[in-house]
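Take a look at this one chain, the form predicted on its own, written out in structure tokens.
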């Protein structure tokens, strides 16, 4: 009965949010999926029209509704361009949660989310076994991007060029720490995120080095859990709630000035999605803790430049050329765009050249890439064409998911381009 009441309340909340949509079609001009398919059902306006009848459509054909809702990158381009301020991503996440509560999770997602992701210790232990085995099934194809492909035909992997798991995750390379405030007078908590921890530990190491150099003490707890967005994107609010509470236990009662992450998606999730979903899933005390943590959360590039005072320096004549891609969750959700560029410019050995359409989505979208790879790939090919047009040797961004997508596209289009995080490039400059 409680679940039915919660579903009814969430349906009512969606109805209240939908009324502000004027069906103007501004979302068409910015939606990457619509740009590839040209289908009205793939743009926010088409999905909102469907959701206006969600109750009846859910009873008639819930699986069809779910399929249409999941053809979305959740990039937030539509929300950023909407003249009426419709909270599109918030609406879609709630609708996915309603549908999943109604029809249930697939067995595979139950295993992944509730069997593994919701158990951080078990998740870490199982994935720690994979690096020793993955060489049997993969082979390197592009040394610059560090990508591999499958040795054997696989329907799941297809023709992707992907990053393998790191030999050691960040949580094995960097011991937990609980430092006092540094010379800057600041004490910072670092949220690692799954992809940085397990695929790009060098980004986590660069974050620690950058914070230390800027005079910030670091609180880095062990046993961190996923931010929860993969589960919530599939409508699994049960796992999402469990992961949020696990992270609150690590961070909520600790004194620090800011919670920083090197993952644009994690930052946007903790700062916006956690509070947005709080009324539906958490009690009053939990909501207060979420709000307090969200208020302290920011991107590491923004914190290094805006608070700790990292500034650009003069560029050397022999500098390598780098171009920067704006992650959707960083620029469109958080309004952070100049700070990662300033961090790159703080490395005297780099020359930043802007690409065309720098803030257009790269096409990853997390699980969207797994379910709709051909669309994801078409969007990514436009991104890599813009990157190559700059002549840059390095493609930089500030989101590990974007790094995965750009590395795949760079590798498949001929290779030779390094893919780096902005904080990684800054930290390299500290040692050169």
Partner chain sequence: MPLAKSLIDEFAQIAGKDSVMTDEADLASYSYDAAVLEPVMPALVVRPKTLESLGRVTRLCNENGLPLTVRGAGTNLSGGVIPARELGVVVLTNALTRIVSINTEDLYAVVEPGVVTAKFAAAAAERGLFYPPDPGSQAVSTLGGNVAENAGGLRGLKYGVTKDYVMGLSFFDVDGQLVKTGGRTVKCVTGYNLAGLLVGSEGTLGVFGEIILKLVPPPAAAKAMMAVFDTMDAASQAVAAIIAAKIVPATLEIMDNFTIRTVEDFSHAGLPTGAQALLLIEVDGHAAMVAEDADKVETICKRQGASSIKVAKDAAERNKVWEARRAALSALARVAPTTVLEDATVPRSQIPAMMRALLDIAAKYSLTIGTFGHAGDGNLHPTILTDKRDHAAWKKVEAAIDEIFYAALKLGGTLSGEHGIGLAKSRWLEKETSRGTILYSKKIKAALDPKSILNPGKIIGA
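Predicted model, so just to flag it, every value in this text is computed and none were measured. Numbering follows the first chain given and starts at 1.
What comes next is about the form predicted together with the partner chain, which is not displayed.
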| query | finding |
| --- | --- |
| Non-hydrogen atom within 4.5 Å of the partner chain in the predicted bound form for each of 144, 164 and 193 | no |
| Interface segment, criterion being heavy atoms within 4.5 Å of the partner chain in the predicted bound form, picked from 360 to 368, 389 to 397, 34 to 42, 373 to 381 | 34 to 42 |
| Partner-contacting position among 84, 338, 128, 184 - heavy atom within 4.5 Å of the partner chain in the predicted bound form | 84 |
| Residue contact check: residue 9 to the partner chain in the predicted bound form, 4.5 Å heavy atom | no |
| Partner proximity in the predicted bound form: residue 25 to the partner chain, non-hydrogen atom cutoff 4.5 Å | yes |
| Contact label in the predicted bound form: residue 49 to the partner chain, heavy atom within 4.5 Å | yes |
| Heavy atom of residue 385 within 4.5 Å of the partner chain in the predicted bound form | no |
| Stretch 365 to 381: residues contacting the partner chain in the predicted bound form, 4.5 Å heavy atom cut-off | none |
